[in-house]
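What follows is one chain in structure tokens, specifically the form predicted alone.
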């Protein structure tokens, strides 16, 4: 969230409340679960790190506690670097693969049953994402994010099918021995 807030501040200085609204709007239906206090905690961390500064709002003399945040030079540099990064997907697949291998080696759990449990959860999440996509207006950024989530879940489900084939075969071969 830090980098997203910095990027929003790159456009113009802003109040924490306004940043929260912009983040929720950018996230579409997923933004509804965002804790409003998280923006202020993040701004405090960014300020402590020297990436943003604040000044009192001149627009609201009746609210002297209202701060306007702006990027420092270091904040601009970080945003530029972040926007140029290529992100790798989170290593959830690696962790799950290790879980399957450990379950098989230890015989504490059946890898095929673990795959089936994981599949049910992914199918549940996919159904939620698809319902949310349908509720979004055509061409919305929130809908685009949800479509990406649904596509990633579909790819994970295909990978689980491959896992099931391999682990089923491995179980049959160890049963033959």
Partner chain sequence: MNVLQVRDLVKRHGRKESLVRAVDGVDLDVPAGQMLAVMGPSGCGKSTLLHLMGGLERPTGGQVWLAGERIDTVGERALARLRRRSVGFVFQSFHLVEELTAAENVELPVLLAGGSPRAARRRAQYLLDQVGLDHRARHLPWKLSGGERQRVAVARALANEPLVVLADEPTGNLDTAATNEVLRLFAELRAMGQTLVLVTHDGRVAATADRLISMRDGAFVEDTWLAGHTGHTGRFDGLFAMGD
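Computed from a predicted structure; not experimentally measured. Residue numbers count along the first chain shown, from 1.
A second form of this protein, the form predicted together with its partner chain, is not displayed here; the remarks below concern that form.
Exactly one of the stretches 42 to 50, 22 to 30, 133 to 141, 66 to 74 approaches its partner chain in the predicted complex with heavy atoms within 4.5 Å, and it is 133 to 141.
Residue 127 belongs to the set of residues with a heavy atom inside 4.5 Å of its partner chain in the predicted complex. Taking the partner from the other structure, its partner chain in the predicted complex has a heavy atom within 4.5 Å of a heavy atom of residue 123. Its partner chain in the predicted complex is approached by residue 119, whose closest heavy atom lies within 4.5 angstroms of it. In the predicted complex, its partner chain stays beyond 4.5 Å of every heavy atom belonging to residue 18. Relative to this form, the distance between the C-alpha atoms of residue 156 and residue 27 is reduced by at least 3 angstroms in the predicted complex. Here's the thing about residue 14 and residue 145: their CA atoms end up at least 3 Å farther apart in the predicted complex than they are in this form.
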